[in-house]
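So this first bit is one chain, no partners, the form predicted alone, shown in structure tokens.
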């Protein structure tokens, strides 16, 4: 067993257990059908960060997924905080990664509501993580365009943070096979949507651009905060579609996510960038300063 599994702590329906002892039934719909929702949160200075925002999005996903919750917001918050504290007792230094997973429940095979025989299953997983170092930031990462398109919102809306993740898994595996760190998914019109686990920004002719929510992307919490921070820094921001060719001609490109914050892209396909750009660096500093004070 690896060290992180020894230190990781999991809560299942309010019962906290070491990760090695955590179990869910085989007939759980999250396992059978990927019929689940999730959020990933973190701590800043060992203090839970933006849980309210993550809960807001989780409840929005509940509505989009037609998965009514059989627990209250206060009940889930209590379980999340208890699991974080249980992990911190085992690890006195690391920041805490928290994954909150909700399944529709346990039941017989079948897609309808009548097959569900239990209440939602709540799984909370906590482990340590290290914030992005200056060295990793400087090194950046490489991306390719996936041959797969992002799920159309009429099929499986990306605004719903679902455990059904095969679209992104297959895109990531394709990038890995091609020697890239990760993948960008476009829509059927070759417009950039997002990455497998992140939102995407580009500096094009001095303007910071990112795809609009209407194109079918996740309403990223870090994305939202970076847009606000950028405007406070007097950076012009436009939320409008970006074509693949425009992205390849950009001056700077970076991604945003809960764990990576603001992180530079130094290669897309055959296009390379020498180092993180000035706007990327400015926003990383400004975002971190804001997060530390929140």
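Since the structure is predicted, the reported quantities are computational estimates derived from the model, not experimental observations. Residue numbers count along the first chain shown, from 1.
Not on display, but discussed next: the form predicted in complex with N-(5'-phosphopyridoxyl)-D-alanine.
- Partner contact region in the model of the complex: 220-228, out of 83-91, 220-228, 175-183, 125-133, criterion any non-hydrogen atom within 4.5 Å of N-(5'-phosphopyridoxyl)-D-alanine.
- The closest non-hydrogen atom of residue 198 lies within 4.5 Å of N-(5'-phosphopyridoxyl)-D-alanine in the model of the complex.
- For the chain shown alone, residue 165 is a contact residue for N-(5'-phosphopyridoxyl)-D-alanine in the model of the complex, at least one non-hydrogen atom being within 4.5 angstroms.
- Contact check for residue 209: no non-hydrogen atom falls within 4.5 Å of N-(5'-phosphopyridoxyl)-D-alanine in the model of the complex.
- Although the partner is absent here, residue 161 lies within 4.5 Å of N-(5'-phosphopyridoxyl)-D-alanine in the model of the complex, judged by heavy atoms.
- For the options 244, 57, 46, 267, the one in contact with N-(5'-phosphopyridoxyl)-D-alanine in the model of the complex, meaning a heavy atom within 4.5 Å, is 57.
- Distance criterion of 4.5 Å from any heavy atom to N-(5'-phosphopyridoxyl)-D-alanine in the model of the complex singles out 257 from the list 257, 62, 233, 70.
- If you take 136-157 and check each residue for a heavy atom within 4.5 Å of N-(5'-phosphopyridoxyl)-D-alanine in the model of the complex, you get just 150.
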